[in-house]
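Next up: just one chain, as structure tokens, the form predicted on its own.
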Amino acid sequence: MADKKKNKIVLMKGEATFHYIALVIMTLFMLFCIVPLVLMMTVSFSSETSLVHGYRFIPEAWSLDAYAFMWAKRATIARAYGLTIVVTVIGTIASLIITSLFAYPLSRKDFKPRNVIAFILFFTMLFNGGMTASYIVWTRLFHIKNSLFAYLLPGALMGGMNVMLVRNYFNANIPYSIIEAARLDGAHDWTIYSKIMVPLSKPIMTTIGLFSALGYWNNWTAGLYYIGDPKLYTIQVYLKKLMDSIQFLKTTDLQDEAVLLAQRSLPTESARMAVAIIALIPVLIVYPMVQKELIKGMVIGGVKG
């Protein structure tokens, strides 16, 4: 009896030690995430001349030049923001529909070709035709250049990993007996999908939706490859072009005195950080709202199915 109590005490001490170690490690990870954000924000409020000596957590000289520079371009930034929101909303909804529709038959035990299709899907996660082939296909066959489809279609509507996560969630979290009972009641596949599978899959749908939304929101390569019209710039593409323009003016050897003065007054480092903050705001707002469902969807969707 005494040995059992002694073993129990040792076990409790071991669990407490593990708990404290895990807490320290997670605190360090949290700091690794928060510290760069704090530094980025303080740099955005620093004067350009003070940043010559390096970044500081407490600005050597406070300045709103970066935000004043961005405010002067508020009309263009607002248009780019609106376009980004439209692309993100449409793309995310379309991605959820296509991904879940693809995953549904792969989760059905009575769908015989499901293993073959799953292998083909997995194969696409390992190999692709490359950027050159993709560019030729999208521009010459689908003619998406200088259109919103350039943001929506290439590589964003559906991902193999997302399909696998949704399929695994369907297999692990929705009993097949429910589907069989629905079939006995006369329900067709579309009814089963829309009335049973989707309503019972809120966590994984939230997870996939967040992944897709982040992908669309942060997508600037599509604009770089396929968009030449400034009116079609999303916020990421516009901010990338803006920073390139500032850097060009800073490094160009021009002799005009007015231009030289303008060059010196342009905020480069602080503007770069202000740009990053502007792009991060929607993510910082949305992520806490879906964090609970995101974690649940990742844990259950990652189970082998």
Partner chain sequence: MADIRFEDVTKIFPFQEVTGLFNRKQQKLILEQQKAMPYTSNEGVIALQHLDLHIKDGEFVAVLGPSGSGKSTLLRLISGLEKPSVGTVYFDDRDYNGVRPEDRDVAMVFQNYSLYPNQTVYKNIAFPLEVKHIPREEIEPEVNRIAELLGLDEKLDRLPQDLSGGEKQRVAIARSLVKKPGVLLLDEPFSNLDVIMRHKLRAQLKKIHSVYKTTFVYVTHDQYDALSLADRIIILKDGIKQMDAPTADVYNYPVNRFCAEFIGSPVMNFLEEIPVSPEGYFTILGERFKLTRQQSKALKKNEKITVGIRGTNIEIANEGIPAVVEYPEMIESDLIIHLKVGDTPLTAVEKISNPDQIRYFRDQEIHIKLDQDYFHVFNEDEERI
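Everything quoted here is computed from the prediction, not taken from an experiment. Residue numbers count along the first chain shown, from 1.
Keep in mind that the form predicted together with its partner chain is missing from the display, and what follows is about it.
Across the options 83 to 91, 140 to 148, 181 to 189, 118 to 126, residues that bring heavy atoms within 4.5 Å of its partner chain in the predicted bound form belong to 181 to 189.
This chain is displayed alone, yet in the predicted bound form one of Leu101, Ile196, Met205, Leu232 has a heavy atom within 4.5 Å of its partner chain; that residue is Ile196. Interface residue among Leu200, Ile77, Leu210, Leu153, judged by heavy atoms within 4.5 Å of its partner chain in the predicted bound form: Leu200.
Mapping the unseen interface onto this chain, Ser177 counts among the residues with a heavy atom inside 4.5 Å of its partner chain in the predicted bound form.
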